[in-house]
Each structure stands twice: as C-alpha cells, then as structure tokens.
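In structure tokens, the next block holds one chain alone, the form predicted alone.
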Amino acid sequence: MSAKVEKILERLQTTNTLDDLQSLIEHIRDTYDTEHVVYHSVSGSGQQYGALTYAPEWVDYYLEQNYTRLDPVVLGAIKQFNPMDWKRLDWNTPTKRNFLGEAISAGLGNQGYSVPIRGPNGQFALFSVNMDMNDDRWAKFTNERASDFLLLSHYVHERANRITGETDSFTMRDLSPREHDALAFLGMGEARSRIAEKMKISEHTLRVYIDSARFKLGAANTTHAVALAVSRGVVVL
C-alpha cells in the first residue's frame, strides 16, 4: 500500500457525512494531481448518489441530454468488471465523438480511468479519475497508480455505504488466522511468492486461503477483499 493511500485512509476514518465524502473526493483529486475524481453509485433499489469534481453546469447538461444512454464509460462499466482505460473504449461513432468533444470543452481531460464496483443485490458504483495528458505520460501515470485507484475505489465505496445506510445484506463470516494473514500481507504489498514463503505454504494453498477469504467477505476480487477487510477493521495494516 502506497504512502498516499495510507494518508487518504487516515482521512477516511473521519469521513462521516456526505459533505465529508465530497471533501474526501476533492482531497484524492489534489493528492494525485488529477483534473477530476468521480464516485457515483446506484443501489439495487435505484437510489443514486455521487461525489465528484466536475463543474455543476456539465453535470446538469449531461443529465439533461441523457448522455448515460451513449457514454462509452457507463456502457463499458455495465459490461465488464475490470478497470477501464477510456481510450480503449468504443468511441467509433460521430455521436460518441461529439459527446467527448463536449466533455473536453466543459473542462474534462482527454484521458480517464474507471473502476466498476458491484454488490450482490444489484448495487453498482463507478470510481473514475480524469485528466488532460498525452498518451505516453498517461500510460505511465496509470501503470504507477492503478493499484492505488483499485484500493481507493473500494474504500470510498465502503465508506459511502456506511454514510448512506446502504447495505449489501451480506453476512460476513469470520476469517481463519491463515486467511487473515494472507490478506494482511497482500494489503502490505507483498508478492504472492513472498507471502507463501513467509507463511510456509505453497502458492496454490495461498490461493485457496485468498479465495476462501474473498467468499467470506463477499468480495468481487482480491483487491476488494483487502479493502473490505481493512475498512471493516478485520485486518489492520
């Protein structure tokens, strides 16, 4: 876990209101020196919440034009679970290219990176980072910070759920000591081969412990499992 994430997590502990969450999103933007950071969630019942740094005029215009129906970021997030570099999405129609041009004119950057998040009862959320940068610099920027953004997306989502009272109705089972240790080492940034060595087990056995912990936590992936374990106090790094 990077020093930047650790400092943001310290602030996360005192994030208790929707206004606090908005300030946290602005703090993440400033910490990573990006143009914009956006968190938007939709509950299983259709309730929506957003904390973002886009200009209000752009948000109002986006909603007025019903751009969710053609936004490649939204459409891409619905279809996949993995983080998305916006440049790799489908912009191959005049309507979508016009939408992108309008977004850039409204102050959005030409590059973006989004992490889709899903809950077991239809809950959906999207955490995005956006800025203006050429392709080579952007590739370096995202490669160096992708793990940070993955972790932050789930930490922010977990905190937003607590604030809004949203729950995934998932009953978490206790982790075994081995499952706990596996997630703790992962949270500290240890490679799996090194973790297996420290725990004196094979990498195959380590994978079994990680998969079991994911199941007990109701996590979508390993990064989500670490984030849930830390945010719920199950694992202390």
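Here, rigid core means the biggest group of C-alpha atoms that superpose within 1.5 Å across both forms. Numbering starts at 1 and runs along the sequence shown. Being a predicted model, the structure only gives us computed values, none of them experimental.
Same protein, other form: the form predicted together with the DNA, not shown, and the subject of what follows.
Chemist: Which residue among Leu70, Ala55, Val42, Val208 has a heavy atom within 4.5 angstroms of the DNA in the predicted bound form?
Modeler: Of the listed residues, the single hit is Val208.
Chemist: With the cut-off set at 4.5 Å between non-hydrogen atoms, does Asn16 touch the DNA in the predicted bound form?
Modeler: Answer no; every heavy atom of Asn16 is more than 4.5 Å from the DNA in the predicted bound form.
Chemist: Is there a heavy atom of Ser202 no more than 4.5 Å from a heavy atom of the DNA in the predicted bound form?
Modeler: Ser202: yes, in contact with the DNA in the predicted bound form.
Chemist: In the predicted bound form, does Lys198 come within 4.5 Å of the DNA, counting heavy atoms only?
Modeler: Lys198: no contact with the DNA in the predicted bound form.
Chemist: Given that the DNA is not shown alongside this chain, does Arg192 nevertheless sit within 4.5 Å of it in the predicted bound form, heavy atom to heavy atom?
Modeler: Although the DNA is absent here, Arg192 would touch it in the predicted bound form, with heavy atoms inside 4.5 Å.
Chemist: Could you list which residues of 214-232 come within 4.5 Å of the DNA in the predicted bound form, counting heavy atoms only?
Modeler: Going through 214-232 in order - heavy atoms within 4.5 Å of the DNA in the predicted bound form - the hits are Arg214, Lys216, Ala220, Asn221, Thr222.
Chemist: Taking the rigid core as reference, does the Cα of Ile210 move 2 Å or more between this form and the one not shown?
Modeler: After core superposition, the C-alpha of Ile210 moves 2 Å or more between this form and the one not shown.
Chemist: Once you overlay the rigid core, does the Cα of Tyr32 travel 2 Å or further between this form and the one not shown?
Modeler: No: Tyr32 shifts by under 2 Å between this form and the one not shown.
Chemist: Given a core-based superposition, decide whether the C-alpha of Asn221 shifts by 2 Å or more between this form and the one not shown.
Modeler: For Asn221, whose C-alpha is compared between this form and the one not shown after core superposition, the shift is 2 Å or more.
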